[in-house]
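Take a look at this single chain in structure tokens; it is the form predicted on its own.
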């Protein structure tokens, strides 16, 4: 799957994310006009992510948020009651987007190798589309309370579990070699995180998200596939 194809299949704009949030939380938001509310939620989240990625969420004040978003302090309180509430909103919507996209694109794939490749691509492409959200959640986790930190890592645990299940199914089907599935999944996750945490490094080297996905897939397959299978996959790839 190319990145352009992914973007065509997955409609995951900020407007879509916050429209879903608004419709699920009408009773908590004081603004009743949906289009106005969604527009302002996009402004608030974009400003919060921008400020947080510059100086950290704990140091961000609501006055900072007001100035960056262009909304008054009173308007901000129409959408959330505190910084903790705002933090939960951002984390909640990131998690909802991840679950929605992964569930939609992996549910119909039964073959472990194809599922592994698709999962790697989805993770990288989604983190490219939602880079500020992914970066924010990773960098801010260490500054949160124990309960908020637990919520922040839910998405990491969710995606890591996907890779564990794929690896274990591949081992059961005798496609993948016998390795520790949990450790392998954690290493895959670290490779995927490197893309959005150190994006500047790959941009400076002219590496696109598609190229990086191919590198990660080749790297993981070289570890998981028996040598005979790997040679056959390489042959199939060259023939294709």
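Residue numbers count along the first chain shown, from 1. Given the structure is predicted, the values throughout are model-derived calculations rather than measurements.
A second form of this protein, the form predicted in complex with the DNA, is not displayed here; the remarks below concern that form.
A single residue from the set 89, 97, 71, 155 has any heavy atom within 4.5 angstroms of the DNA in the predicted complex; that residue is 71. Of the residues 205, 63, 172, 198, just one reaches the DNA in the predicted complex with a heavy atom at 4.5 Å or closer; this is 63.
By the 4.5 Å heavy atom rule, the three marked residues 18, 46 and 54 all fail to count as contacting the DNA in the predicted complex. In the predicted complex, the DNA lies within 4.5 Å of some heavy atom of residue 40. Residue contact with the DNA in the predicted complex: residue 75 places a heavy atom within 4.5 Å of it.
The shortest heavy atom separation between residue 190 and the DNA in the predicted complex exceeds 4.5 Å. Contact check for residue 31: a heavy atom falls within 4.5 Å of the DNA in the predicted complex. The stretch that touches the DNA in the predicted complex, counting heavy atoms within 4.5 Å, is 81-89, out of 158-166, 120-128, 81-89, 104-112.
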